[in-house]
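Take a look at this one chain, the form predicted alone, written out in structure tokens.
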């Protein structure tokens, strides 16, 4: 079972002989529509010395763009990370109408939490331009973790031809391969909300790792886990309790034993890749407009004879990931007190 990594103050002088022992940090930007599990992903990234969170870019999805941007700023302030830039992105999907999921995430998008209005403001300009500028400034250095609809990423690909070749990789939360959907019988929410954007991204040539419902549904946060976190008095543990309350209730009504850690699981590709079993497949998305609209499908038997365009997580040691998540949240809660 993975152990919580020791927190390190990176601004202190470190003897050269100890440097090889430090976790290698990965520089990432998260494209997001927060969203309860999005907020949990931010906290996990901030709690993990293996990750250097460079920015958040927002889009519509779980909530409207306005709420998504406010939530991103507010959660960063809660975690004492308001120095991390937030760029405001796409107001609507490329083709489909705007959708949101208050049933799952609450009217605010972050459950029953009552975070103060953020003091920080988003950076000037559109998130698509921000993504292009950052990626082209350091080709091959930045990974992007899209954990909402893929609208911003698709628009960046279309606007700047050099963008796709300059990204190090995409780690996408989305899709359902052998698992049933969670917004239609066949489609997963993030892909369904903007399937045309997903189609552009899947065929962009960017190195992609897909984290679908097939694995996220095996990583369940339960009430007993919330009770464990509440043993620590902290704004972080209280936020998780309040944010997850609606999410947990909705998951129970849908027949699950807990709330899936959809978006945090993308970070397992950095924190504990051994917990995931990845398969290389040719994957596409249905944009025909029929009953399978937004369905992701993988050519597992290779009948199409097309080269694989992504790695897909098909199995996960779910209980071990949940334990890793809890350890990191306990550590963050101990560090951030009233």
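Positions refer to the first chain, counted from 1. These numbers were taken from a predicted model, which means no experiment stands behind them.
Separately, the form predicted in complex with beta-D-ribofuranose (BDR) exists; it is not shown, and the next lines address it.
Peer 1: Among 155-163, 236-244, 83-91, 257-265, mark the stretch whose residues have heavy atoms within 4.5 Å of beta-D-ribofuranose (BDR) in the model of the complex.
Peer 2: Comparing against beta-D-ribofuranose (BDR) in the model of the complex, the contact stretch is 257-265.
Peer 1: Of these, 215, 198, 72, 147, which has a heavy atom no more than 4.5 Å from beta-D-ribofuranose (BDR) in the model of the complex?
Peer 2: Contact residue from the list: 147.
Peer 1: Work out which of 204, 182, 113, 143 lies within 4.5 Å of beta-D-ribofuranose (BDR) in the model of the complex, going by heavy atoms.
Peer 2: By the 4.5 Å heavy-atom cutoff, the listed residue in contact is 182.
Peer 1: Test of understanding: in the model of the complex, would residue 286 fall inside 4.5 Å of beta-D-ribofuranose (BDR) by heavy atoms?
Peer 2: Heavy-atom contact with beta-D-ribofuranose (BDR) at 4.5 Å: absent for residue 286.
Peer 1: Examine residue 189 and determine whether its closest non-hydrogen atom to beta-D-ribofuranose (BDR) in the model of the complex is within 4.5 angstroms.
Peer 2: Looking in the model of the complex, residue contacts with beta-D-ribofuranose (BDR) include residue 189, since a heavy atom lies within 4.5 Å.
Peer 1: Within a 4.5 Å heavy atom cut-off, is residue 59 in contact with beta-D-ribofuranose (BDR) in the model of the complex?
Peer 2: Residue 59: no, not in contact with beta-D-ribofuranose (BDR) in the model of the complex.
Peer 1: With the partner left out here, check for me: in the model of the complex, does some heavy atom of residue 210 sit within 4.5 Å of beta-D-ribofuranose (BDR)?
Peer 2: Residue 210: no contact with beta-D-ribofuranose (BDR) in the model of the complex.
Peer 1: Using the arrangement in the model of the complex, list in sequence order the residues of 160-174 with any heavy atom within 4.5 angstroms of beta-D-ribofuranose (BDR).
Peer 2: Result: 173 alone.
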